[in-house]
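Below you'll find only one chain, the form predicted on its own, shown as structure tokens.
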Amino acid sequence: MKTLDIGIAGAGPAGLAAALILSRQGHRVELIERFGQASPVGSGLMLQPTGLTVLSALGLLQPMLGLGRRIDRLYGADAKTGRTVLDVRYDALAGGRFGLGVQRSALFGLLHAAVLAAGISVRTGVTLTAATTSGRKAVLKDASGGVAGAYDLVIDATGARSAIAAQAATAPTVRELAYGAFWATLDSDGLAHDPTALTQRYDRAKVMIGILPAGRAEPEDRERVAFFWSVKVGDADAVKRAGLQTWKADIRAHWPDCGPLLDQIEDWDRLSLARYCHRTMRPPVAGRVVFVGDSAHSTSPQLGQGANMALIDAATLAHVLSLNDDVDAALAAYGRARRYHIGLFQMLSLAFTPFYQSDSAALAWVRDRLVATIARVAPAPALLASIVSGTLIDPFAAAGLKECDWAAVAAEFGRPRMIEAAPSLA
């Protein structure tokens, strides 16, 4: 592939990773961000073996491990009876896989610092509303209708409610999901919790409370946790009107151990309301515009795949561009390479979400009794672990990567080796 002029809309993890990888391959890259200063959005997330492998290839795994908190288990119990509802352990799979709980600001900070160190152009304060293809060029339009830039290729990484994606001919209808969540990043002092597990409590499918150990935002910071409570988006204002103390009392009734976290929440400003939607771009390409991350495939966070899928998208796009001397052929190859992995996890997320966030008492009953029992019988534990880790379908080969040797990573803490020699994005 010849050197391309590439415009990337959005400086989140997907856009930053794509900019870094493509710049290292020799392309001229410009990042365009709508905020006056690029910054992270959200509380905490789980980096899975998929996303961690991309960070390893970028040379960023060691500092990420130093900031995050290793997660070995996902555990959920009924808030009233204590019955185990969910118990997924990474060690059900061979190879020593694990997850990493991180603050979004930590992931953003590492990627953003690497982009700046690489001298990649970052233009801020520009709201992009559309991208069109004219001949062999992709043209970005701003909110005034003016041309923000013309490139050989435009990458849309502006997220789940991308205005650029909404204007694309391949854009499907966005399905707004009824349930969202209140999130906060809080100190873990005095909190009784498992520091190696994402822990949740449920009351049917209408209440889900979770604690994710999320490590540090900066090396000198104290460790924190991401705390979340599911809520119907349409009910969020009514919850606020009822008062913060009423909300806290409800959580304490379901999970008394949350007290040290609730004591830190003095007003509603300490909480952020996350809204979720479901949509899948098929194909994730429109002319010379390609979609990555949530702009290509958005869904609920039940499987914790969002940032990880975005990182794999970026690596796969860069890989197919390196293999093809024609942009259009490369974009078609990108759509094929990501089709099955994205399709599977979009389907699984849509199927699993109602069991954990819905008004259905019947689905909650099935989850708590039937599904929880089956999940303990082989080969279900390994199957669930492969779903959570994002490896039920191998996404690495299509991205030109080999998965990390996780036993070596754990033993050397941040000095990863590959199982086989593989091309490195670094």
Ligand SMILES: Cc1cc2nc3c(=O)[nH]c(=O)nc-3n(C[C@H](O)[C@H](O)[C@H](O)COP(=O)(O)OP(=O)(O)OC[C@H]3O[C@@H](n4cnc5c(N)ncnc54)[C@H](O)[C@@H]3O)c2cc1C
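Fair warning: this is a prediction, and the values are worked out from it, not measured in the lab. Residues carry their position along the shown sequence, with the first being 1.
From this point on, the text means the form predicted together with the named molecule, which you will not see here.
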Worksheet item: Is W183 close enough to the named molecule in the model of the complex to count, meaning some heavy atom within 4.5 Å?
Response: yes
Worksheet item: Does G99 reach the named molecule in the model of the complex, with heavy atoms at most 4.5 Å apart?
Response: no
Worksheet item: Using heavy atoms and a 4.5 Å limit, would one call A14 a contact residue for the named molecule in the model of the complex?
Response: yes
Worksheet item: Is R28 one of the residues lying within 4.5 Å of the named molecule in the model of the complex, judged by heavy atom distances?
Response: no
Response to the item:
in the model of the complex, the residue from T316, Q200, S349, N308 with a non-hydrogen atom within 4.5 Å of the named molecule is N308
Worksheet item: Can you pick the one in V289, A165, A157, V225 that has a heavy atom within 4.5 Å of the named molecule in the model of the complex?
Response: A157
Worksheet item: Picking from 335-343, 202-210, 122-130, 81-89, which part of the chain touches the named molecule in the model of the complex when contact means heavy atoms within 4.5 Å?
Response: 122-130
Worksheet item: Considering only 39-53, what residues come within 4.5 Å of the named molecule in the model of the complex, judged by heavy atoms?
Response: G44, L45, M46
